[in-house]
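Only one chain is given next, in structure tokens, and it is the form predicted on its own.
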């Protein structure tokens, strides 16, 4: 969905469903996905036969060697359509940078073009048995010959590199991050489906956790889980006749691919430069200004991403995020707190890969957040992955 496409505000989310989140689900991922999809469709006031479009982002986000099997470790759009018994006129899976923003763009395009009237968008996450990021390599060829033999494999060293750069460049300390992680866990601990329900984390707990890839410790990482979320999207016109207040999609943008690097080489300068470009395209596509955003939901699959997004979105100056998050400024319980993790994020719920950010925007802007409901939530931004390797979507309570 690009600026000038005419799609701004023409598509809305009208219902949702979310499974329980487990470390390992007691049933197959596909069975959980079918039940969650049915719940979302019912929530929207529709029947499975009304759904004629299916969209997902089927990436199985593991660095290890695990079997990818439809209905077991992933759930594609066509698999879900078939097992719901729906006659899909449109089924697509996004492949590329920024999983959920890309899937949202596919759904918007299908509805605006008339390829589908009601689209079910889902994301299914699987935690395989064994070591999630186990590396079975015996030899390394191509570009990986310069990284894997030295242990530079998987996402942990990948994020440790720019986080170290951030700490050293901006005079930040690890102690500052305890505020971010404790806020995420506080909010996730209030959500019944969350893996961390009833399990908040104190700053001292964070600081005493074992180091995994210096300076990344255990609690800087989201927890791999099994879980499914689903959303129903339709045109703004059709949404008026459905039971819940619609939440409109104002615009989205994905990151431009970074300059060519060795595998998993994410320098801080690449992240911030690409993030600046992404955010400029996002505001242009959505027709909103940064100061209008009162519900920024920042991606936190790794805690340093919160710093990167705060600065890329212009919510604080470059190099100041580690100071900005202190003194209650991101405490969603305080009147003046910026609710960047009010939905718990990935650190507070489990590795649902951008779902908590999208879900919090929907629930708050539709007035369905229950005890967590904010009084004046009108414009939300849901971010995905790193600013240079992801994307973001702007949601509004009213069409822009």
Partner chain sequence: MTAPRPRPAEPKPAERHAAEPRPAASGAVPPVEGRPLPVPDAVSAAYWDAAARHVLTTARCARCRAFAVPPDQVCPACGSSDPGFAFEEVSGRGVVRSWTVVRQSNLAGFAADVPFYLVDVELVEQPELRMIGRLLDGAAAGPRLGAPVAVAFEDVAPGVAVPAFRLAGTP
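Since we're looking at a predicted model, the values are computed, not measured. Residue numbers count along the first chain shown, from 1.
The form predicted in complex with the partner chain is left out here; the points below concern that form.
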- Query: Is residue 150 close enough to touch the partner chain in the model of the complex, meaning at least one heavy atom pair within 4.5 Å?
  - Reply: yes
- Query: At the 4.5 Å heavy atom threshold, is residue 136 in contact with the partner chain in the model of the complex?
  - Reply: yes
- Message: Is residue 96 part of the interface with the partner chain in the model of the complex - any heavy atom within 4.5 Å?
- Response: no
- Query: Does at least one non-hydrogen atom of residue 213 fall within 4.5 angstroms of the partner chain in the model of the complex?
  - Reply: yes
- Can you work out whether the partner chain is within 4.5 angstroms of a heavy atom in all three of 157, 164 and 259 in the model of the complex? yes
- Sort through 291 to 299, 204 to 212, 307 to 315, 115 to 123 and report the only stretch with a non-hydrogen atom within 4.5 Å of the partner chain in the model of the complex. 204 to 212
- Note on the structure: The listed residue (243, 198, 280, 171) that reaches within 4.5 Å of the partner chain in the model of the complex by any heavy atom is 171
- The listed residue (269, 327, 284, 237) that reaches within 4.5 Å of the partner chain in the model of the complex by any heavy atom is 269
